[in-house]
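Before any questions on how it binds or moves, here is one chain, the form predicted on its own, in structure tokens.
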Amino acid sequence: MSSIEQRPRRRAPWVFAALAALLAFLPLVAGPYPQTIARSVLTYMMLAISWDMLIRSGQLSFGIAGFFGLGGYAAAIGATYLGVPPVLTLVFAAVVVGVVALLIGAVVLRLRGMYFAIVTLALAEIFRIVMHNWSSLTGGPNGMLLPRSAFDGNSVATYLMMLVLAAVVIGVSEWFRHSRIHFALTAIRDNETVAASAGVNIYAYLLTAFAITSGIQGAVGASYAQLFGFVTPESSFNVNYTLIPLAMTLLGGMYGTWGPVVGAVLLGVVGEYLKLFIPYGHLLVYGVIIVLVILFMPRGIVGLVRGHLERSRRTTTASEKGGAA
């Protein structure tokens, strides 16, 4: 490997460390409104990353809002009936939703393509209807108030909580990308028959990815419940928690950690800006962006930049070899 190829890899950890430090100090220089925007961006970023982790296997899921809402309710029920401390409800929700996904996945992961996508979309609606009608446990259409929110609603502390959770999600995604799971999921996405003939346990890997990504979405839903102190069927299972992360991932680029991160930051900030001028019209802008990206930039922003860097690197390497000759 040439020094030109090694340089970006050596520089990357320092860039990410500097970015994390900058984000950690944001509350010291920004007011409540920028912190609110940052928490919203982090929420959608984590959902986008979790969706991308599953799509790496080729399985298209529309159930993000379902597991997100289920995580919010798991946090509220755990805090209200079991006395789980506010911050620990994030872990509690991740485990509960992960187990639910494991049980459901044991059945639905026999499906592929649009059949699987439609089932996950139906699951989200089923979860919403159950929470809406199980009044004795969930409060019905009025929802539930948490006994106490994390850090008593302190904006700086809750922002740092979201930042730490986002760092954990990014870490899990990167572990996925550098583990055997990544190679197995990529093989399944490319050609399931060939992967099976090579000894890849397709069902086990898909079930593992589905449970982990659903657990992440449940933890993010629990963090939403802690930020606002309540959950309702309409707010917790809102379809935006499915559509917006998908748009962010498509914009940034799929099959990697940093595509969803870039897409979430860009689309999240632009979306908040557009809300000031065209309330609810920003959703139309998201739709236009999705269409344009699919037509003209299918690899997303990160894929486009990587392609340009690879071409530049090959040109530089060829020039070096030509000069040496």
Partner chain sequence: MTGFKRLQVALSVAAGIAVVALFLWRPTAVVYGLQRAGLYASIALPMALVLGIVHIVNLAHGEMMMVAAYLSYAAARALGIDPLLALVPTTIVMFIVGIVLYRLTISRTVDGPELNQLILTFGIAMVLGQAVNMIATSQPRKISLDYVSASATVGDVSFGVYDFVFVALAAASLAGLYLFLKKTRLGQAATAVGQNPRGARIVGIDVQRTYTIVFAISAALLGIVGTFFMTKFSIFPTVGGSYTMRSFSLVAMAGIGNLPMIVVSSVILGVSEAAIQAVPHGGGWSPLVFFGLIILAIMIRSFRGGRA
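As the structure is a computational prediction, the values presented were derived from the model and not from experiment. Residue numbers count along the first chain shown, from 1.
The discussion below concerns the form predicted in complex with its partner chain, not included here.
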Partner proximity in the model of the complex: Glu192 to its partner chain, non-hydrogen atom cutoff 4.5 Å
yes
Contact label in the model of the complex: Val108 to its partner chain, heavy atom within 4.5 Å
yes
Verify the contact flag for Glu174: yes if a non-hydrogen atom of it lies within 4.5 Å of a non-hydrogen atom of its partner chain in the model of the complex, no if not.
no
Exercise: Ile55 in contact with its partner chain in the model of the complex, heavy atom 4.5 Å:
yes
When you measure heavy atoms, are Leu82, Leu163 and Val169 every one within 4.5 angstroms of its partner chain in the model of the complex?
no
Quick one: of Ala157, Val95, Val119, Leu88, which gets a non-hydrogen atom within 4.5 angstroms of its partner chain in the model of the complex?
Val119
Candidate stretches 214 to 222, 74 to 82, 95 to 103, 125 to 133 - the one whose heavy atoms come within 4.5 Å of its partner chain in the model of the complex
125 to 133
Within 244 to 262, the residues that have a heavy atom no more than 4.5 Å from its partner chain in the model of the complex
Leu246, Ala247, Leu250, Met254
